[in-house]
Every structure is written in C-alpha cells, then in structure tokens.
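Form predicted on its own, single chain, as structure tokens, below.
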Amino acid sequence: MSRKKKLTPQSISREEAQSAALERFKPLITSEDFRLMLADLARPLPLAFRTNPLKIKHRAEQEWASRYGWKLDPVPYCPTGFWVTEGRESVSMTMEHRMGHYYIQDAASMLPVELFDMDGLEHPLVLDLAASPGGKTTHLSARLRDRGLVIANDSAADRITALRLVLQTWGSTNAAVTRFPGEKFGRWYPETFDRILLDAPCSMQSLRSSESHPMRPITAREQEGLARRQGSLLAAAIAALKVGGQVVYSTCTLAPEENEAVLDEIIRHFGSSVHVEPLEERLPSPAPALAEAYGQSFDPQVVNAARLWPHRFHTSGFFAALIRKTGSIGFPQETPPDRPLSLVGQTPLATAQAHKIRSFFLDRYGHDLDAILSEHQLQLWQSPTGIFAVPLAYLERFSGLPCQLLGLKLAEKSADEWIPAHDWVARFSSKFTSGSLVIPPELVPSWLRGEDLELASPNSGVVILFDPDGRCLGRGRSSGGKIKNLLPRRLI
C-alpha cells in the first residue's frame, strides 16, 4: 500500500488553494450567492486600467479604443477605470502605457481611493501607509490633481524601487517616498494627515489568482500574525489622522479575520473616536460587510464596510472600509527622524541659477516654469542627480524625514549643460510649445525600440519629440541630420 503524499504549502496548486478557500468561505454567503459566485469565477477576468488625468485630455480612452480595437466597459465605482473586454493590441504593449497615460490595475483595487471625500481639500496632507508597488498612490495623486503632498511609505526595501519608478512614470510632483515601519507614523506625526490609505499586507485570499496576487494556503498562525499587524497599522493610521479626517482600510482578501474582525477590534478600542461610514452612495449596488463570522458577532458599524465577493461587480475578492476620526485618541509619541536634506547633497537652487533655468525653459521651449511651480506649490532644489521640483508641503512639515524620492526631476546634467528630464517632459508635454519635432509615423516604432533616427531638425540640441497624433515621445538630441535617442532604458 502506497503512502499518501503529505501536502505542503509549496506543493499545493493555486487551484487547490482556491478550492480550500471556497470551502472555508461558503458558510459566510447564501447558497444562491455562492452559486452566482462560482459561475462568475468560471468567467475570465478582463484586464482593467485607470487613466492618468495628469497627462491626458478628457475621454482619451475613446481614442485608444479606436486605435487599438478595444472594447471598453466602465468600472462602475471608478470614473477613470475601464475593463478591456476585446482588443487586437495588448494593453501592456502600447506607447500610452509606457509613457504613463494609464495604469493597469485590478478593478477591485480601484475602490479604496474612490471612497475618500476629496472635495474642498486644496492642498491636503495624505499618507499611503503601505504603498508599494504604487498603483493606489498614483490614484491618490490623480484624485488630488497633483496638489498638496502624498507620502508614499513602504517598509520593505526590495519594494521601494518599484514604487519610485511607478510614481516617476505617472508624473507625480506632489509625492515623497519613504521607507519606515508604518506603525511609526502614528507615534511621529499625531493628528497630522487629512487622508490616510492603508491597503494592508494580507493573505491575498481573493478567490482569483494572478501573478501579483497568487492564491496560496495560509496557516492559522500566519493569519493571526497578519491580523495583529493589520490592527497595529490601522491604529497607527488613526493616530496620525486629523480629527475629522478619513482613513480607508482595505485588503485583497476575503478572510473575515483580516477584515471585519480587525475593524471590530479598532471600534472597540477607540470607541466613539472613530466611525465607519456607510458606502451605499459610493457603490452601484449593496456590498455590505459581514455582521458575524464563524460564531463571532461584530459591532453594528462593521456592516457599513464593503465586501466585494467576486460576483458583485465581476472583480477579485476585496474588502474596504471608510473610517472617519471623530475625536482625539491617546497614542504613544516619539520624536521623528531628523536628517536635513543637505546631508544627502540636496540644496535649494540659488536664486541666480533658478532664474537661469527658468529663462532657459521659457526661451528654448516656451515652457513657463513659474506657472507650474505656483500652481502645484513646488520649489526648485538641486541634488547630485539633477534639479527637482519639490513639494513645499514637505519642506514645511516633514523636512527632516528621510526620503527615497522627493518630487519630480525637472532637469539633468548632460556634458556641460542642463537638459529637460524625461519624466518632466512626459508629465508636462503640452506646455512645451517650441523646440519640438514631429517624427514621421513610420519612424515611431524604431524610436520606441531605443534606436537613433536619421532625421533632420530645424533645432539643434535637445528637442521634444511628438508623433503625428500629438503623443509625446520624450526627448532626443539633434545634431548633423540625426536624432540621438534619449528615452530612459526602463521604457525601451
């Protein structure tokens, strides 16, 4: 008689992990809903993207649909979100994707940032407490119209690079990237932020498996550890929030231990100082959280949160709650880090040099830096890697907090001259009204492959390049009837 093979987490397939999760969650849903959910899980989940209003004109997605043969369906709770249900061109292979005109994102993950009330916030302080890889941070920046300050924090060193690159490609000027345990912000900056997003590390039991969110077995011990961490992060978020401000707590799991139970614990701990706000008006149809699970009853406010079973809106499983802070709370406090920017070689641009840079951009490219710096409340700083437009809100409120990225690069040194940085050009391409060149359509594919072009330009030096449809292609150096390709390697 052969011995039965012992299953380990590594030996269990995604399908087996999904089946185990289904059995576990089955008692939490009606038999009819369970049947509908199984039917929905059998349907493939279409790719979705969210447009970048910082870079594109209104209804640009309709032009893309025509160009690439896409059929688009709107995500019902996200005005800038769309499913691509048909298409002859891959969503991940377009020039627009490369240039940050949209962000590919699971439709369920578009919900958290849409829950915030943003009206009336002119220059808010916003914290994304567990930000990498940065999709929700870009959503925050878009909803804020790139004003105020978004601190995008993640505690994992190996995730910071991805976060930085996503924000650079998106073109956010109002962002600062930090790397600290999220729990520290409640101790360092009590009652400081207007809005805080906590998309918490979780077990990813979403019932739909993907490369970025693979389904896998979770032990009870691991789930308990995750729930403890989620609770401590959410408590810190509430401590760092201004009275009257909002926290969104979200996970990409359907495990109630990491969702309703965490929320219930926070309500019991902070009492009348927090309120879970109803979401009926923010969703196209009801998606209430659980009132009880596995014999545990939750505070009546918990059902105000949203539980996205996959069949509700044809998404991955998801959970989100909108919490308003209604009173001050007691929380331990510590002195935050204090490392002046000068210690890492960052200094304000001297007045004479700032004037020279402004004049260069205006005379060469018709690009009015003063208007942009004023609108977005930015200041020019110099570092060993270039000149950056830095958010004034950071300088005024967090200048000692060490950053991995601050603001958006405006210019970089090439030989003995300053030239516009790619990310600035891609973000504000419509503001470059001279010093540009249109590339013939037959040469665009070669350019996007990183090749230099045999093409004469009426302007020498660095020129801003567009295709015949007005899409920005970055920068090139014109000399002797050739255009040298200056696209960043990450985009080729």
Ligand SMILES: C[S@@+](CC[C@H](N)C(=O)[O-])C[C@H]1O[C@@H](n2cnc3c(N)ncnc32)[C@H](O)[C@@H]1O
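The first residue of the sequence shown is number 1, and the count goes up from there. Every value quoted in this text rests on a predicted model; they were computed, and no experiment measured them.
Below, we refer to the form predicted together with the named molecule, which is not included among the displayed structures.
Heavy atoms within 4.5 Å of the named molecule in the model of the complex are found in exactly one of 398-406, 253-261, 196-204, 374-382, that being 196-204. The named molecule in the model of the complex comes within 4.5 Å of no heavy atom belonging to L410. Looking at L233, you'd find a heavy atom of it within 4.5 angstroms of the named molecule in the model of the complex.
For the chain shown alone, G182 is a contact residue for the named molecule in the model of the complex, at least one non-hydrogen atom being within 4.5 angstroms.
The shortest heavy atom separation between A131 and the named molecule in the model of the complex is within 4.5 Å.
Only one of S273, S155, T192, Q346 comes within 4.5 Å of the named molecule in the model of the complex through a heavy atom, and that residue is S155. Contact with the named molecule in the model of the complex, defined as a heavy atom within 4.5 Å, holds for exactly one of R216, R208, R159, R358, namely R159.
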